[in-house]
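This document opens with one chain alone, in structure tokens, the form predicted alone.
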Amino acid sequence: MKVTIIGGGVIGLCSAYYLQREGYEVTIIERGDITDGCSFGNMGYMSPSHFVPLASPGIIAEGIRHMLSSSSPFYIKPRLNWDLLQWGYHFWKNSNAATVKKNAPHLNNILQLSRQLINDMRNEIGDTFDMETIGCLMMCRQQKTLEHEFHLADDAEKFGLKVERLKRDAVQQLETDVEVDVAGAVLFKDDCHFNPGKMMVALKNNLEKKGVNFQLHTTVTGFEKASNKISAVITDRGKFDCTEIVIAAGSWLPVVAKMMGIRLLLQPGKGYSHTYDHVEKNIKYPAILVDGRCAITPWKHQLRIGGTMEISGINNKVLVKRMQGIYDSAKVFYPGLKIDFPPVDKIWNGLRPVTPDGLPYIGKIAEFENVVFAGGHAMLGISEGTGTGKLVSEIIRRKHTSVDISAFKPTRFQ
């Protein structure tokens, strides 16, 4: 059985990992070299705590409030684009408490599945990507924000997650080397973090040793169809026959789907980050800076700051003021942190694939019986990677899936 996977990000590699284990002959087609996508420059969180979908109450009002700010953490570039208008309509329609209540359990299921699986993957591919299992802090400067996070912690406990509610002094006791300025935080103890770039390299090396074929710098241009199946992938470097096909193309998911005659609602959400290679007095815990809408991650003496959700189409244009907002937030939350604003040419940016309801697309479509879609994970690609890979393998093997995937149906907005 030949499985062709389009996309060499974390979702594509995790899908290959589980399919190869089941004896499939796997080929990964990737337009780049797998070292420049969102799977490399993100914050490296494996976060069961992130069970609230991006489309949630208040997010629309926040986006409108920030619309004219060049340093805002959330931004939708106004433009006349039919796909964006339809995506925006469904995003607005799903940003309510009732939909969040319906979708959160499904998000929780795949997040917890992924968290369970990452330990086994680390044991197999090697403990080389700086994984730590100390949890993640949701840091709050304002008291009202802290009270909201405490309420969210109540919901987390209902899902079986372990949490600790911390006031200012307790947070400072955790961060012994750097002064913090917060009202308090919630420590989600089930979360872990690692260096995503190192994890991707370790996973790719493991797959190559196991015989997975990588076709890098290869662009998909079309598909060969036979009845209700895709029989081959056509690229600028030749044709690849396949028995099964997995579409894991990240923010390019709609572009690839359109070649099949399938329409998917998805928008690329640009994020920025910068990694400091040596911070003498570093923080100890990864943290979401809730009021600042950004994040910070330590790996020994390395430190990464990142964030923003910029819906402005597929482009890699760096808006420096967005990085300025991230940097300023980090300095406000950690006044004792000694870091300088990064050089412009050292600011990383990547495109996260965002669905209108904050849930991924995972599953088959009616048009082609041998096609599985796996994408649209927004900011949770790393967090949901292993779980998605496992589910893709189960779908292709016609097995009962580890969690209910009905909410992830790729055609749910058609």
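So that there is no doubt, residue numbering starts at 1 and follows the sequence shown. No experiment lies behind these values; they were computed from the predicted model shown.
Another form exists, predicted in complex with a small molecule; not displayed. Remarks below refer to it.
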If we test each of 26, 55, 378, 372 for a heavy atom within 4.5 Å of the small molecule in the predicted bound form, the one that passes is 378
The listed residue (110, 140, 287, 249) that reaches within 4.5 Å of the small molecule in the predicted bound form by any heavy atom is 249
**Site check 7, 45 and 218: each within 4.5 Å of the small molecule in the predicted bound form by heavy atom** = yes
Of the candidate stretches 275-283, 144-152, 249-257, 327-335, the one with residues having heavy atoms within 4.5 Å of the small molecule in the predicted bound form is 249-257
Check your understanding: Within a 4.5 Å heavy atom cut-off, is residue 363 in contact with the small molecule in the predicted bound form?
Key -> no
Open item on the list: Under a 4.5 Å heavy atom criterion, is residue 73 part of the interface with the small molecule in the predicted bound form?
Closed with: no
Contact label in the predicted bound form: residue 353 to the small molecule, heavy atom within 4.5 Å
yes
(Q) Can you tell me if residue 392 lies within 4.5 angstroms of the small molecule in the predicted bound form, counting non-hydrogen atoms only? (A) no
